[in-house]
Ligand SMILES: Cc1cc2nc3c(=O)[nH]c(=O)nc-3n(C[C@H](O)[C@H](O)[C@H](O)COP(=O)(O)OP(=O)(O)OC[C@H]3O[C@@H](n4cnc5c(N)ncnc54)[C@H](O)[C@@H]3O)c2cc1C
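Shown here is one chain on its own, the form predicted alone, set out as structure tokens.
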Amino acid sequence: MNVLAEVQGKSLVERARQAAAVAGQFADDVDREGRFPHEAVAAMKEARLLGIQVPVHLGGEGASIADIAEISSIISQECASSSMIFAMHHIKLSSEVEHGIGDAWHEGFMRRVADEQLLIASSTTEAGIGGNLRNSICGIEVEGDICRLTKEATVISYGEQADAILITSRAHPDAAMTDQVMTVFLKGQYTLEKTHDWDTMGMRGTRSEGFLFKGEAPKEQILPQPFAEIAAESMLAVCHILWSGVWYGIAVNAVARAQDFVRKAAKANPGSMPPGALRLAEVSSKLQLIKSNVIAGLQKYDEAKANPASLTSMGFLVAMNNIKLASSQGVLDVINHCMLIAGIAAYKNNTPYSLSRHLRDAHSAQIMISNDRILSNTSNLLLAHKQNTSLLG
């Protein structure tokens, strides 16, 4: 049996746990040093996890977004930065899978992702537009068969470590700010001049630095659909779901540490209820709410995929926004309760119950696409849309 067949003979969950175990070994060092998790990403590549979303006929495994959310949560239980990199890679790959089929160059690119386990980064933010990814200042220039782009990208997560970057811009220099395209640039087709460092409270391993991006590539690397369609029909929903999977994984590990703390206290004092036991029961219900929220998002996405017209409906957009809001808020609530359960043992670093890294990583959740921006968008949608309150969908 060759190596590829041996790896793919294992289940996705087995392979995810294999990568997660490596990520866990280096998680504290990655966080402390604020460095890219080379070991974890190498383990993901060894487990052939970066190409699983690619359709089978292009050399991938046709993994669903539910599969990828599950893997995100498994890796996140050991290292949230590593898991976020995995999730962001697959968010960008989803744009190719959903909008690149039928195009020779993009199908070839997907084959390469599956075969070579290429790591994909994203550049949607830009100096001067804040966090509004549906606006661009820069415009791609097409001359003959070549396209060129210069962009002041305030954030490109793991940009220096990526094998390719999917980057947004105006469709041409004179286009409206909202008339955007997304282009794939391969390593070697662009340069990155660092403009902002990444020294943050949490998610330190994602290395989300700022760069001046300059690229030149064949124009066929521009995705054929407008970015407005890509964002509405796949990217935003997949983003909210996979990020929620990452945050759920952080919460799972926090609860596991709190549970271990209570169990140890119970063994030390047989016959008496440990002080944190009731809070453990309470936090279990809060964890279940996050899980239910993510599952609801996956179900809603699958239903919409079966009826593509609903992918751009107000009801679907409201539902996806709510998935992100609830998960990003719920993870902090869970961790705060776990801190109360384990007390000083959770507050201190370098104990089996430490939650410092969990808490700092989780605080990114509400500002990665700001919750205030999402609430504003949802409030506008609700002016015209009556929310579905049926329990049956």
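In this text, residue numbers run from 1 along the sequence as written. Quantities reported herein were computed from a predicted structural model and do not represent experimental measurements.
Absent from the display: the form predicted in complex with this ligand. The rest refers to it.
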Looking in the predicted complex, any heavy atom of I156 within 4.5 Å of this ligand? yes
Is the gap between V56 and this ligand in the predicted complex 4.5 Å or less for some heavy atom pair? no
Against this ligand in the predicted complex, would S122 count as a contact residue? Criterion: heavy atoms within 4.5 Å. yes
Test of understanding: in the predicted complex, would G131 fall inside 4.5 Å of this ligand by heavy atoms? yes
Joint contact, M88, W198 and S208 to this ligand in the predicted complex, by non-hydrogen atom at 4.5 Å: yes
Among the candidates R373, R17, H385, K10, the residue which, in the predicted complex, approaches this ligand to within 4.5 Å (heavy atoms): R373
To test your reading of this chain, name the stretch in 31-39, 66-74, 46-54, 359-367 whose heavy atoms come within 4.5 Å of this ligand in the predicted complex. 359-367
